[in-house]
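Below, in structure tokens: the form predicted on its own, a single chain.
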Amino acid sequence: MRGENVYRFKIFRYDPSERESGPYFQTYDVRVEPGLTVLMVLLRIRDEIDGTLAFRSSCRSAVCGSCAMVINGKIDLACRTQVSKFDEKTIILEPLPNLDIIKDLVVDMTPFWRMYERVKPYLIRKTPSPQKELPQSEEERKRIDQFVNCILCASCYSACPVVARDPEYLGPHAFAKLERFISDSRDERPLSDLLEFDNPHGLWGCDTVLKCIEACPKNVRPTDSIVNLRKRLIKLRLFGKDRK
């Protein structure tokens, strides 16, 4: 296939159940119309060219985060990446790093979710819940806005060099979510909960190289959350105040 609008997609293929074949890149030449995203091309390849290609997708609106992958060396969401943004006509697609491959572009998210659960990512109340809603001021809401935007796409986790060398490191996604709830005016968890993460696999493991911030498609800054949580932990250690 030749033509001005024909792009070559080199897609990582691997099926662990067929270990003898090993990983490889498969090439697909696809005619791309203006406005087409990487995800739309993947759907077209699967529907019209190769039904064995495996990848995740759902909302197609950069909300669910399921189509995160490496696109020409950069972690991003396939559903929001326009093919026409690239100067070159060859586009390389690879699965997210730091996670085992289930098949092709689909990775095993189990370690990601296991670490996420450890921070108790939900509101914790000590006092009885009121009959009506718990109001927040605009200022209180602004404190958590950034971290509410996290869509749990695992881009930050996959970009993190600490996760790459330490599988027991909690990960930037978990700390961003912990900061989201610990900063929430309605949450009543004690600061002593942070003591669980007062170790090299927790808050002190981060290298602060900001790779998580670069990778986040929603402009969340997990490194900021880690710095803030470290400050809270130091205050707890110095002054012993268990209240936020």
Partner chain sequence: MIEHEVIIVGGGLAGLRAAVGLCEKYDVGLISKVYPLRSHSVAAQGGINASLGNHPEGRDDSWEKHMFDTVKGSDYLADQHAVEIMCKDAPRAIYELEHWGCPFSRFPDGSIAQRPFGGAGFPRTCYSADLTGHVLLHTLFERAISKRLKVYPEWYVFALVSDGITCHGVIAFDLLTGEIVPCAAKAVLFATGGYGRVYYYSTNALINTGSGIGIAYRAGVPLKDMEFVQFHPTGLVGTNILMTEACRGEGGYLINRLGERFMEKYAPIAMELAPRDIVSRSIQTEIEEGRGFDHPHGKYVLLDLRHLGEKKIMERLPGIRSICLDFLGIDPVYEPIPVMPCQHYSMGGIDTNEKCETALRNFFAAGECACVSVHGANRLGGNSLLETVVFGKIASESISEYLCGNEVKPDRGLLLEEKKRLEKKIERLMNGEGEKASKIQVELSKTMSEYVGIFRTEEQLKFALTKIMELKERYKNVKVSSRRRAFNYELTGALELEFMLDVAHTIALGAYLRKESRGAHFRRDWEKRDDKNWLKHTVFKFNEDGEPEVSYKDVIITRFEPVERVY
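If you're wondering where the values come from, they're calculated on a predicted model, not measured in any experiment. Numbering follows the first chain given and starts at 1.
One more form of this protein should be noted, the form predicted together with its partner chain, which is absent from this view; the next part is about it.
| message | Among the candidate stretches 40 to 48, 22 to 30, 203 to 211, 189 to 197, which one is within 4.5 Å of its partner chain in the predicted bound form when only heavy atoms are counted? | response | Selected stretch: 40 to 48.
| Taking its partner chain in the predicted bound form as the reference, which of 88, 117, 168, 100 has a non-hydrogen atom within 4.5 Å? | Checked against the cut-off, the match is 117.
| query | Is residue 84 close to its partner chain in the predicted bound form, meaning a heavy atom pair under 4.5 Å apart or at it? | reply | Output for residue 84 is no: heavy atoms all beyond 4.5 Å of its partner chain.
| query | Does residue 80 reach its partner chain in the predicted bound form, with heavy atoms at most 4.5 Å apart? | reply | Answer yes; at least one heavy atom of residue 80 falls within 4.5 Å of its partner chain in the predicted bound form.
| query | For residue 74, is any heavy atom within 4.5 Å of its partner chain in the predicted bound form, or not? | reply | The answer is no: residue 74 has no heavy atom within 4.5 Å of its partner chain.
| query | Quick one: is residue 152 in contact with its partner chain in the predicted bound form, heavy atoms, 4.5 Å cut-off? | reply | Yes, residue 152 is a contact residue.
| query | From first to last in sequence, which residues of 118 to 136 have any non-hydrogen atom within 4.5 angstroms of its partner chain in the predicted bound form? | reply | Heavy-atom contacts to its partner chain in the predicted bound form: 121, 122, 123, 125, 129, 130, 131, 132, 133, 134, 135, 136.
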